[in-house]
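Shown here is one chain on its own, the form predicted alone, set out as structure tokens.
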């Protein structure tokens, strides 16, 4: 290991809590920088994201304008303003351009490629204006991939950028930034001799380009780092990942222990701890009321909170749910939105079994926390799961996870052993509906054994899912660069 320690890090991503976020990426950029600062106080850590319309007025009031300049993107000359604020000892920058970022939604525009090419070019161009050249540029997912490509293909020839190292993190390999070559120079501002860097399977693939150009490639769990090197999980990138396997490492995400805390969470009717779990039953009763279910203390409530998509395991649930609720003495609650076919199915099941199935087709953070606190069992049967935060949040609230052994679910949830009382959840391996059902039945059987269930629930609540250990691993990786 090198004796040299890095001092300056710039995180680049398309979202960060609490400013603008749609999922796990936002949680990482909102939590990891502060955890790194806590682990090494002398670090100068900064984060940059776009200035979206969705950023609240209360957050905007805390910002100050730092500078403005023109970004040249091929033939375009676009205004760029840089705003900043500080949170938890970390400086956050916001790239302002209303043409690109004053939209009703963060993602899904026809010109997303151009929007994030502008963002990435602006990140490199802002460095001399703000007087900050990091030791490590850490880019996240395809929207930031071009910062790595630009750094290594265009900017490293300038002295201030020449020693900068690039880390690229894949949060979900299914999203790669794939485009036709007709926009190589016109939109992405890359030259013909850059073509081989981004070319993959006959298209521009920005993730492939970042994989080739970065100094270190990370994923959000060790098991997912191994999985994406196989054809089944790689979404077509296994060949290029095999060529770059020496760069790859997996570091598990953490969760924000201040935000997810059953002892202090303002969303809960009653607070509780791992040492005193009695009041969790009050939150369970409130949850049953909210979903219109009978208030039965001894009937286990099985919960799911997720985007309704087949790869989240809902095809397994759909196959077996009716059998589960008619053959087992359980209640099932679901919160989420997604594929119309799945929304229709779960609405039908809630109507058919109103005393056993409760469904809310919505995105509701407050209700999500009430479910984490009030449920007994949390079901997460994903076909693939790079890291997963829900199983860690559920554990924090004493809701025992039942998960398939894939990606970060395998790394974070270990099967409970009644003999030595080890393990923090229930797992199954094969992507099969009846294997999932078997895992649920094992969880229900344990629930009926109050002594074993309390042991398992305590294990779940006391497992360390904070950012602390992950932050140390990130610092070791940065230093080794």
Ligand code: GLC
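Numbering follows the first chain given and starts at 1. Because the structure is predicted, anything quoted here is derived from the model rather than measured.
Keep in mind that the form predicted together with the ligand is missing from the display, and what follows is about it.
Note on the interface: of 283 to 291, 117 to 125, 171 to 179, 230 to 238, the segment with non-hydrogen atoms within 4.5 angstroms of the ligand in the predicted bound form is 171 to 179. In the predicted bound form, no heavy atom of residue 205 sits within 4.5 Å of the ligand. Under a 4.5 angstroms non-hydrogen atom cutoff, the ligand in the predicted bound form has residue 388 among its neighbouring residues.
In the predicted bound form, the ligand lies farther than 4.5 Å from every heavy atom of residue 32. In the predicted bound form, residue 253 approaches the ligand with a heavy atom inside 4.5 Å. Shown without its partner, this chain lists 153, 312, 216, 360 as candidates; in the predicted bound form, only 312 has a non-hydrogen atom within 4.5 angstroms of the ligand.
Just one of 471, 25, 461, 20 comes within 4.5 Å of the ligand in the predicted bound form, counting any heavy atom, and that one is 25. For the stretch 194 to 222, the set of residues having any non-hydrogen atom within 4.5 angstroms of the ligand in the predicted bound form comprises only 220.
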